[in-house]
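In what follows, one protein chain appears twice in different forms, each by itself as structure tokens: structure 1 and structure 2.
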Structure 1
Amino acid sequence: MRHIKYTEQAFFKFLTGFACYSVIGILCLIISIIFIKGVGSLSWEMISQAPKGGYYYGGDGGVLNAILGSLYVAGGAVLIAIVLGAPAALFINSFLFRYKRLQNIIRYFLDALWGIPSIVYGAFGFTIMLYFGMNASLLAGIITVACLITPIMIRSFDEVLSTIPTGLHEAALSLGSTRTELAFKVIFKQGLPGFVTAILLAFGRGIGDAASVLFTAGYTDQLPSGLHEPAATLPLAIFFQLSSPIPEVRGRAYSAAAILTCIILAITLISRLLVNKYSKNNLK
């Protein structure tokens, strides 16, 4: 009997370890392929200049327009998602924490919104643009990406807040705190490390999505100059360059993918550092 238990333990240890290292290996493989194929075209000119005449036929220039456009779209969408998401998550966990069934219903709808493909959000944003007579623009891209990441941010906030013990709510209320004070002075402070992680991960999702901005943000070789002007993004720049029959242009697509990957990895690293910092502050 003991031998069977040791065999089961060894088997599941191997299985879980294999799954863990497989994920790490796949990630390393993806990153290595991107950088191996893109390092030859990667240069300071690629990062610091907008496309010049004939860029998509092997001409000079870079993808600065797409880098800035991606940062503007993702940054604006995250700001909107924070304004909508943080109060919504606090409301669910501060004002509705006694109504479990209602909480579960709200979470179900948020999960459904989370699971909708990004191309559906792009089609929705395009429909709204047509209704209001808007052109493809930076503003339309920001609003569409905000619709995409807001459910993600609310559920991320909610998962963080749901780990806070109910006793903390009751203790704060018994000491005379209002529900607003409970939400912003007690629960928000306790959940701050998780909030930081959710915000940065939502930013990473927004900056890397192509389908939601394909019909809404448009595309231009010019640097973003206003909310009502079209804006390029890195995912679309990669898509258009990979569609080229010219090998040099396809190499630049991998370089753009390497730039986007570096941005995502930097966001992940920053989120980890900030979480460690605020977690230590909370413990104090």
Structure 2
Amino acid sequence: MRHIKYTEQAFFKFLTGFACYSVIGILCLIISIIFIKGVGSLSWEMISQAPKGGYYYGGDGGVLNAILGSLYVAGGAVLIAIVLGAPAALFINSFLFRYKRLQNIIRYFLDALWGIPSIVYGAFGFTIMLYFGMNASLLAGIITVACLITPIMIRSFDEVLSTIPTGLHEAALSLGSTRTELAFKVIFKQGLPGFVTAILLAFGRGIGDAASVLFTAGYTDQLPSGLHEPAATLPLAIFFQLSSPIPEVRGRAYSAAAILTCIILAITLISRLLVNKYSKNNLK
């Protein structure tokens, strides 16, 4: 009887450890394969030039159009998300900080919003485009991606703000500050690292998302020139080039994927570092 319980424990300890390390292994496998495949055709030309004539048959050029387009779409969407998201998150934590129940209900709905898949946002963006008679353009892409990332941004900002002790709120209010001053001068300052993390997180989601820009931002070989022009995005560039039968074009898809992975890795690691570094200075 004694033996069985210890053998069982040893077995499951091994099994759980195996599961955990296999998750790490899968991530390493994914990243290493992307870089091994991508390094082959990675060159300065890839990053610095737009596609030239015959690019899709193995001609010269790079994916600068897609890199710039992705940065514009994600950057614009993050701007909108800041204007909409930051006040909303501050509102939950400054005006409503006495109403815990209401706060939790709002968080509950925001979390549910976070689960809506990006293709639905894409379809929604498309219906809006039809309604206003717009064509696929940078602007439509930005609006759609903004809808996608605003809930993410609010929730991750709010997550940090909610850890601020209520004593701080009460101290500020008792000194005669208005609720707005409480929100922007006290809570915002305390939650600044969380704000930066939320921006980075939202930016990462925006730059990597393909399904929502598929309908709305369109695709073009030109560098993005205006809000009403269509713009290429990096995930779509990878997607389209992967379906090509020509190995050189597929090779470029791999290296574009390596570029995208680098961007995502950098964003994720920077935001982690920021959290670790600045959370020490904050009131707990």
Partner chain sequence: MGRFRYSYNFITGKWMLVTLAVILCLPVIIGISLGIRSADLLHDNGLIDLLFSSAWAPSKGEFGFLPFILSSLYVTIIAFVLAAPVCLLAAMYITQFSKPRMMKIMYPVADVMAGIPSVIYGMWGIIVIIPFVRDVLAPLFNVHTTGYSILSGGIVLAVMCIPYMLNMLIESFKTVPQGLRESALALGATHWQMVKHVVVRKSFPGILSAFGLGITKAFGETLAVMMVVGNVVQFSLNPFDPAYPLPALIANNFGEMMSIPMYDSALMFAALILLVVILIINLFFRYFIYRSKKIR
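Throughout, residue numbering runs from 1 along the sequence of structure 1. C-alpha atoms forming the largest set that superposes within 1.5 Å between two forms make up the rigid core. Since the structure is predicted, the reported quantities are computational estimates derived from the model, not experimental observations.
The form predicted on its own appears here as structure 1; structure 2 is the other form of the chain. Superposing the rigid core and comparing between the two structures gives a CA shift of 3.7 Å at L269.
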